[in-house]
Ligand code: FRU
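The chain below stands alone and is given as structure tokens, in the form predicted on its own.
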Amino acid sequence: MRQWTQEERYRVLHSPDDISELFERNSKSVYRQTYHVQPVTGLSSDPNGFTCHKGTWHLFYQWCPWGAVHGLKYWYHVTSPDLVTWKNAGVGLRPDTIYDNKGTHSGSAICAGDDLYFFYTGNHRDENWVRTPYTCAAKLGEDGNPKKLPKPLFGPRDDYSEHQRDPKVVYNEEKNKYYIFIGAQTLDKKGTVLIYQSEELLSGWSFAGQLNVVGFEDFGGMWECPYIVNISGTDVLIFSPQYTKLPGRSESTNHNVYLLGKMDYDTLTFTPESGYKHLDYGFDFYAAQGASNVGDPDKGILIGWIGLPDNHYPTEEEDWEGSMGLPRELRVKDGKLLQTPITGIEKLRDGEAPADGTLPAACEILVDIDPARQAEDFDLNLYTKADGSGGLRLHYDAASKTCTVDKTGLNKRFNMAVGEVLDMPLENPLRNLRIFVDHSSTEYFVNDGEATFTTHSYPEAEEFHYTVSDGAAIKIYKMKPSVKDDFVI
């Protein structure tokens, strides 16, 4: 694994010429995705600024242009008319002020009237490398690019640690106020959320207090990427707790979880209906952000980063890494959060592939279990060799209603110390799977959205086969490209 110096990681991008050769090299990788948003070069991580404005969907991702390394972060901008097809729009935010001299870090967006506003963390470091996080704002200009406010909205609080970031802005009609939720860490290293309030978007912000999540006062060491949305009358709180191990998650210390409950803005208290649940049970899903301005009180739309902080992946050797997951529609039904692929993704189908045991590099797989066989165990093994050995193995244990995903059979193994086998518990018997395979990722949607599982996967040429248990109907659709992956800086 390449060792990067601080100077290399924090170089400023002056011109497209600085990375044109890297773009050409990255583009030749056999693991470049067909229908997922991915970095134009280098590293992509957290999704940011996700919203619909005047009929166009805007999505940004944290971007380090130089390679598969966390260094000087930009916001890279992609747009879509439908959340299915995307095109590169270039750099959206650059680290070019004193307040964000070492990175424009994660944040969100909100529409107000005809205007679109962005809120992000300015990562400032002084000559001694001491960090000061600022909450900054920008407004979408007529040229389609964000224009920064000259000064931050506010700085950090001294009564919390330096880890204060990822502003999520929401508007509460009942209070006629805007609120910013910021992921934070207490001085005794416990994860929390700070809340600021204002009647105006770009001024008047004051500290309202710390979010009280009943029963979660000592849960994780930092809460990144907080997001709150009301769906069908239920409040959904999503966040990414760090620096902690959770039961059943092997050695990982980075997670993405959600709570269903009720948010009280008078007392800044979120009261959960039950314990936390994993937003995704896979090896590689993090920093999920919900879109603003969805326009449907019974639905949310969310997108996550296929990757984890501190993990390493095979494409690091090619100087690039990461992609966005497929956008998901969120619904609350019978006290459960359901996640399904974005409506319209079917338009990418490019004909049905023969169900002959051969796996296309980019495809959608539909599996339906015979109702008479749903009380039986089931196996689906992707990326096997021609003789059925190896691969990414999914085993369903009917007695416990648990799917176990095991990636130890893949030729390219990675993050072995973090864990290579994880369970996905179900509340109901396994009846169907909808799986999205791309060149370096696999996403499972189970039982019409009851549970999901996302993982990076890097099959070699001999591994494009699969096996499936009897008693299941399987259809495979080849998938067309959905991203116009031009070199736009």
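Residue positions are given as counts along the sequence shown, with the first one as 1. Keep in mind that what you see is a predicted model, and the values were worked out from it rather than measured.
Although not depicted, the form predicted together with beta-D-fructofuranose is the subject of the following passage.
Asker: Sort through 132 to 140, 196 to 204, 151 to 159, 102 to 110 and report the only stretch with a non-hydrogen atom within 4.5 Å of beta-D-fructofuranose in the model of the complex.
Answerer: Among the candidates, contact is made by 102 to 110.
Asker: In the model of the complex, do 278, 337 and 444 all put a heavy atom within 4.5 Å of beta-D-fructofuranose?
Answerer: Result no, not one residue of the spot touches beta-D-fructofuranose.
Asker: I need to confirm a contact call. Of 291, 403, 237, 225, which residue comes within 4.5 Å of beta-D-fructofuranose in the model of the complex, counting heavy atoms only?
Answerer: Exactly one residue meets the criterion: 225.
Asker: Go through 457, 51, 454, 45 and name the one with a heavy atom inside 4.5 Å of beta-D-fructofuranose in the model of the complex.
Answerer: Result of the distance check: 45.
Asker: Considering only heavy atoms, tell me if residue 305 and beta-D-fructofuranose come within 4.5 Å of each other in the model of the complex.
Answerer: Yes, residue 305 lies within 4.5 Å of beta-D-fructofuranose in the model of the complex.
Asker: For residue 168, is any heavy atom within 4.5 Å of beta-D-fructofuranose in the model of the complex, or not?
Answerer: Residue 168 lies outside the contact set for beta-D-fructofuranose.
Asker: Within 4.5 Å, heavy atoms only: does residue 286 come near beta-D-fructofuranose in the model of the complex?
Answerer: Yes, contact at 4.5 Å.
Asker: Check whether residue 77 has any heavy atom within 4.5 Å of a heavy atom of beta-D-fructofuranose in the model of the complex, and answer yes or no.
Answerer: Residue 77: no contact with beta-D-fructofuranose in the model of the complex.
Asker: For a quick check, can you give me the residues of 266 to 283 that have a heavy atom within 4.5 Å of beta-D-fructofuranose in the model of the complex?
Answerer: Read in sequence order, no residue approaches beta-D-fructofuranose (within 4.5 Å, in the model of the complex).
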